[in-house]
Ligand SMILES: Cc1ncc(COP(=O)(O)O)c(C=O)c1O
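In structure tokens, one chain follows: the form predicted on its own.
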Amino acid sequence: MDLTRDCFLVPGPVRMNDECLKALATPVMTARGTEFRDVMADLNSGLRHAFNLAPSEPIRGVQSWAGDDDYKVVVVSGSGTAAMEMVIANRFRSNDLVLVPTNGKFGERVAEMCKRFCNVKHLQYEWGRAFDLYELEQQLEKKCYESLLICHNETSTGITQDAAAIAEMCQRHGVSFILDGITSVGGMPVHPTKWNAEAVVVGAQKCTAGPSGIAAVAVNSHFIERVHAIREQGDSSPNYYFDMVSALKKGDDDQTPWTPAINLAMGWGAALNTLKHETNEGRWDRCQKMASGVRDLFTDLGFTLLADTGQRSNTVTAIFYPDGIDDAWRKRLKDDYNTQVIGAQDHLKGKMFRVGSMGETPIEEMIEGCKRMIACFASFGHELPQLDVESYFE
């Protein structure tokens, strides 16, 4: 086993390609000149592609953030959580009631953020269990909710929510639909227009293989109208840096309201151009192929997966350790096998590990990583059946 090259199989931040790294190393430029506006136009166009929206020209001065649909993209100098807070803080008034179903840590983070700005009905399901769609329907029938928010792809538990079914319910009941798509946009099918999502958030360092610390939001006209109406009524939550009204004013001119994350924007633009070349469908298919291979391989090896069958994520797989194994295995995997996966969170710490299948990870790296994981389990004396690893990724 050749261990000279590392296998980096974590669910974000993911490895960045050479073009992205070169862009990050570009000499500094002014934030308000035409040069950076060119960067923003290219980034906006790449984001529209990643969000699966109508295309736009990567040219400044021609509404690069908009296309032949109802959406605009807004770049946020901050993590995906910052972008999600920007959405919530600007969209809801303190007396609004929102519905947030959760089945993992990052959904619970969405619920916690909402509690800072509005009233929340938090439907807290067991980690890794699918939402009870009948219960969601019953809640929406009450006609008391302003919005329903979900973490679309829950990396803490390896489950993807049935966004299409939830979106259909929201449309029937006249409730806005907002997605934390931080670990789904660019890695699996996301359809803002078809789902009539008011806002979708993405973080650069996940499926789009960009740098950490920059994010974006796709918002439709209804979201924008509500933000302006709330502001004009003097009923908005306190905010300054995350002021969506200011961001929308600057967006028309390929700019951000405050000093932007200049080099991060350049790096992300390069990563998104790689995604354009691969195509959304190409990346979705590769991520799906890797995730399916990991799921089937480890199931056949006798391991138990956390997430419900049928809604398992294509960008991360959560796998329980066998009896007698804990996170010491993960440390040995890194130190002795030059391979990194990630552990669990909160009450599941030390009980499982998570394998990322997102970004630009090649299938060959996933195959090699799985071989090393199997060898590492064997080094702990855990007997496993002999399987042809390559055959699971064909």
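Sequential numbering from 1, following the sequence displayed. Nothing here was measured: the structure is a model prediction, and the numbers come from that model.
This protein has a second form, the form predicted in complex with the ligand, left out of what is shown; the following refers to that one.
Asker: How about Ser79 - does it come within 4.5 Å of the ligand in the model of the complex, if we only consider non-hydrogen atoms?
Answerer: Taking the distances in the model of the complex, the answer for Ser79 is yes, it comes within 4.5 Å of the ligand.
Asker: Examine Ile182 and determine whether its closest non-hydrogen atom to the ligand in the model of the complex is within 4.5 angstroms.
Answerer: Judged by the heavy-atom cut-off of 4.5 Å, Ile182 is in contact with the ligand in the model of the complex.
Asker: Wondering, does Thr157 line up within 4.5 Å of the ligand in the model of the complex on heavy atoms?
Answerer: No, Thr157 is distant from the partner.
Asker: Should Cys151 be classed as touching the ligand in the model of the complex when contacts are defined as heavy atoms within 4.5 Å?
Answerer: Answer yes; at least one heavy atom of Cys151 falls within 4.5 Å of the ligand in the model of the complex.
Asker: Report the stretch among 302-310, 182-190, 131-139, 280-288 that approaches the ligand in the model of the complex to within 4.5 Å, counting heavy atoms only.
Answerer: Comparing against the ligand in the model of the complex, the contact stretch is 182-190.
Asker: Quick check on this chain: which one of His173, Arg109, Arg226, His122 has a heavy atom within 4.5 Å of the ligand in the model of the complex?
Answerer: Result of the distance check: Arg109.
Asker: Would you mind picking the one in Gln161, Gln205, Thr102, Ser147 that has a heavy atom within 4.5 Å of the ligand in the model of the complex?
Answerer: Spelling it out, the residue with a heavy atom inside the cut-off is Gln205.
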